[in-house]
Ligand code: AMP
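Take a look at this single chain, the form predicted on its own, given in structure tokens.
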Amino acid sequence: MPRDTDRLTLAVAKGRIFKEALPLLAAVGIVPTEDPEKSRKLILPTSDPAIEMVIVRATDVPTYVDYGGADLGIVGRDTLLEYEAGGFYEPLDLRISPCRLSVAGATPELLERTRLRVATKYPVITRRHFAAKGVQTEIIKLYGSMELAPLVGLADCIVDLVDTGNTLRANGLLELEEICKVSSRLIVNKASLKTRYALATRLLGKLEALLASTAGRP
């Protein structure tokens, strides 16, 4: 069913990103009119009648936006780097959910090896990173408890998101190398920017102005 051209659908990644995006969206007049934790609706209306919201897994946000299931999305840079297609623009760094994607392991000497077994949920980024360094990798894809892999001998090291580093330290692991900084980005479907130009640019303008007014604040 074709979607209404007088309305934008915004896909937001579940979890931390959604929680941190809510105040930002509220500041530009977008608030879900139903509690996402209680509502059975999959598409949530908002206080702006021209914008509706869907809350999906982070890995699904680029897919929804790329294929036009959503006009815009909010998702982490790590997810975008892992996603290899690209039918969307990435106009704004929203500066929420900051962290970094790093290599971690038991000893710094691991980085001197030319072959590594790496546990990660980011196989594309991991292969690209180590290939650029001339290191051959065997990728073991995991989705949780990444720090466990080196402890039980499943992998030599891991590639994962790091915030405070407390979990690494608690398990005797070191942050060995930063691959990239990560924060949440706003992405926009290329076709939607043409077919819903006025709506999309209005929202982009509001968010740009808000980010400019808060630049430099802690």
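Because the structure is predicted, anything quoted here is derived from the model rather than measured. A residue's number is simply how far along the shown sequence it sits, counting from 1.
In what follows, reference is made to the form predicted together with the ligand, a form of this protein that is not presented.
Note that among 157 to 165, 24 to 32, 37 to 45, 60 to 68, the stretch whose heavy atoms approach the ligand to within 4.5 Å in the predicted complex is 157 to 165. Proximity to the ligand in the predicted complex, defined as a heavy atom within 4.5 Å, holds among I140, A106, C99, L148 only for C99. Taking the partner from the other structure, the ligand in the predicted complex has no heavy atom within 4.5 Å of any heavy atom of K19.
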